[in-house]
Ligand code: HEC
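Coming up is one lone chain in structure tokens, specifically the form predicted alone.
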């Protein structure tokens, strides 16, 4: 399925080549606390307040789907940290997608943008897949391009495009760039952990959360190896860190044949590289706001954070515990009941309620 979607990635390269030279927009003011690095932004799509505003309108508008039934926000709901509280998403044709919707939290810092594709490294590339992919269908624009574009060449949208691009006409280049700008703006760095760790607010975290933090960063549990750094994911790049660390891991979720195979319908990074060692490798997502983004894993097969802790404590699941391709950091561990609660308290301390309440405003809608 993935190979049919990937053909659209080259589209963003082509449209970037025809961008007309425009005056530089006013600098975008990142909602980033002092001391945190700025994300890396593509030179051909600089951030601007107007572009973010247009992208936000598009993100929540069902007019972007061919049959006006779903929007980007249908699968990335603000109240669930821009994830979805269901195992799998469904596209505009009610086709069930094979993976769980990822939370759109701080993805401006991500070095990889999907669960298991090492070649999709910008948000502009990734957005093309839900827009134009035919199998599975998400927004389903392919074959309906003219009809969809006509919905945005109206009195409501023309001023937004004019402010963002100095051109009032909607086209897919501008839609992609605006959506990417909005998604980049979804920055979350104001959790109790942040206030404790970076602002010296000693009372920001509970005693239980502090004990859980010690467990999280201990060699006994090994969590920080895959969920490290200020964004709690190995898949990170920013102005001070441009090294592309390998962010894909096999966690022992499956072992279909006793020698490491994952289910045929989704074998992770292996589908892209065809390298045996990449079987079952998926990207480690950020743990910021993870309390709100259930269910978990690429296939949404773990319902709660307690289930996730039990999974890692066991060193995998069922036959996957003995998967020979499993990450060496997934060895299993023993936790007392109180320690498990402490670890859950720490994970809850990564929640940024201000981010959720600020962004929890949009609903699927049509803007005429």
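Residue numbers count along the first chain shown, from 1. Treat the numbers as computed from the prediction; the structure is a model and nothing was measured.
Unshown form predicted in complex with the ligand; subsequent notes refer to it.
Although the partner is absent here, residue 222 sits close enough that one of its heavy atoms falls within 4.5 Å of the ligand in the predicted bound form. In the predicted bound form, the ligand sits beyond 4.5 Å of every heavy atom of residue 208. In the predicted bound form, the ligand sits within 4.5 Å of a heavy atom of residue 102. For the chain shown alone, residue 152 is not a contact residue for the ligand in the predicted bound form, no non-hydrogen atom being within 4.5 angstroms. The partner is not drawn, yet in the predicted bound form one stretch among 200-208, 166-174, 153-161, 275-283 has residues with heavy atoms inside 4.5 Å of the ligand: 275-283. The partner is absent here; in the predicted bound form, the one residue of 290, 148, 133, 269 having a heavy atom within 4.5 Å of the ligand is 290. Checked against the ligand in the predicted bound form, the candidates 97, 213, 189, 261 yield a single residue with a heavy atom inside 4.5 Å, and that residue is 97.
Residues 57, 109 and 355 are none of them found to lie within 4.5 Å of the ligand in the predicted bound form, as judged by heavy atom distances.
Taking a 4.5 Å heavy atom cutoff to the ligand in the predicted bound form, the contacting residues in 78-92 are 89, 90, 91.
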